[in-house]
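Encoded as structure tokens, the following chain is the form predicted on its own, with no partner shown.
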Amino acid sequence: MFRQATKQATRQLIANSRAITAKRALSVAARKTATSGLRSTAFAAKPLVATRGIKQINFGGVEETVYERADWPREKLLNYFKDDTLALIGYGSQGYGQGLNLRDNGLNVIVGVRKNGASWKAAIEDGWVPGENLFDVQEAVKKGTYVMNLLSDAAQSETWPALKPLLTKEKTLYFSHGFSPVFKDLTHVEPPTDIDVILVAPKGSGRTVRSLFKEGRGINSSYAVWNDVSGKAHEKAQALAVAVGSGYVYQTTFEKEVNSDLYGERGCLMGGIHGMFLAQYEVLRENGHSPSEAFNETVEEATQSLYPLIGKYGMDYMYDACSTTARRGALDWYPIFKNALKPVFQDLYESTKNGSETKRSLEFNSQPDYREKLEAELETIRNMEIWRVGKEVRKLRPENN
């Protein structure tokens, strides 16, 4: 699809790049700041300089408040949480990323997991010390002033009867997903009404939360408040969002967070894009194209060439930058895809909103043999021709030779 651009497209690409650079320079000058808060050095390496702050931004005609990392420089975080113990419960993907970032930021964080289980051993490998900052779940909850429940959704439901009595009035309850409280009729996780209950949801995996922090950047996150008993719940959530590694933070609700999250994962982020990859690849193979050509035209070009540029500059930039032939075809076909797929997305959103996706997830993930069943499904994906071909194609990349 994406052949060499014509001279006109190339000139347009250069012009766009220069325009973007100039626009950014003017924006920076107008703010009288040299660097973006999102690109400041990570807290653990160097104290932040507050160059950006709370602001109103017009997102497509809608004014929203955005909170930035510079609102909470390291010294302010240390002072704000100086009397607190952050008890992080669970050491899966988010527990790993958020926990290590909190520790590197110098905050008093402890981890609570099942003693001698897989997560306990993983935490020890990452430098958490039993009896010092690594405890079993109930002991960690008792010690914490903030209880950060980062167990899996199914595990939150299973452990709630034991944890809820430990959530006494002086504590703050924290989630990174609205799943459990929003669908409390299914999960039976009903937060106490006499404590602050907040949410910070990084828009990426815990591994990404960690890697972006180590790079001195920051992931974008949403925050929400379920209970504001103290009158400071919003402030607590914004501070913790920065402490766990967020670059900027926007407000949502528990309900909107879980609906958008479940919807997105099943749609464009994972399920939908995987389905589109498979459909395009299979049609190419059925029409005589080789495995390598089908993979390169479907996945490699998308992930290595187009998607990074779309992420950096936007889809409109991509249209400006590609060849006239590619541009014409994309402009003709995107409405067809949208019209064909929108009913599927409407069904998907309704499925998340009415609890069907939650019910399915809880039922499957609570089965005693769910790991074996999950592994069988993942093995099916690993054995698909498209991903076996991808493994070989990646070996050919210059950086892997």
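Each residue number is its position in the shown sequence, starting from 1. Fair warning: this is a prediction, and the values are worked out from it, not measured in the lab.
Just so it is clear, the following notes concern the form predicted together with a small molecule, a form of the same protein that is not shown.
Taking non-hydrogen atoms only, V225 never approaches the small molecule to within 4.5 angstroms in the model of the complex. The small molecule in the model of the complex is approached by S205, whose closest heavy atom lies within 4.5 angstroms of it. Among residues of the shown chain, W72 is not one whose heavy atoms approach the small molecule to within 4.5 Å in the model of the complex. In the model of the complex, at least one heavy atom of G117 sits within 4.5 Å of the small molecule.
Per the 4.5 Å heavy atom criterion, the small molecule in the model of the complex is contacted by stretch 176 to 184, the sole one of 320 to 328, 280 to 288, 229 to 237, 176 to 184. Between the options I110, I198, A243, V113, the residue in contact with the small molecule in the model of the complex by a heavy atom within 4.5 angstroms is V113. Taking D84, E158, D136, E255 one by one, only a single residue has any non-hydrogen atom within 4.5 Å of the small molecule in the model of the complex, and it is E158.
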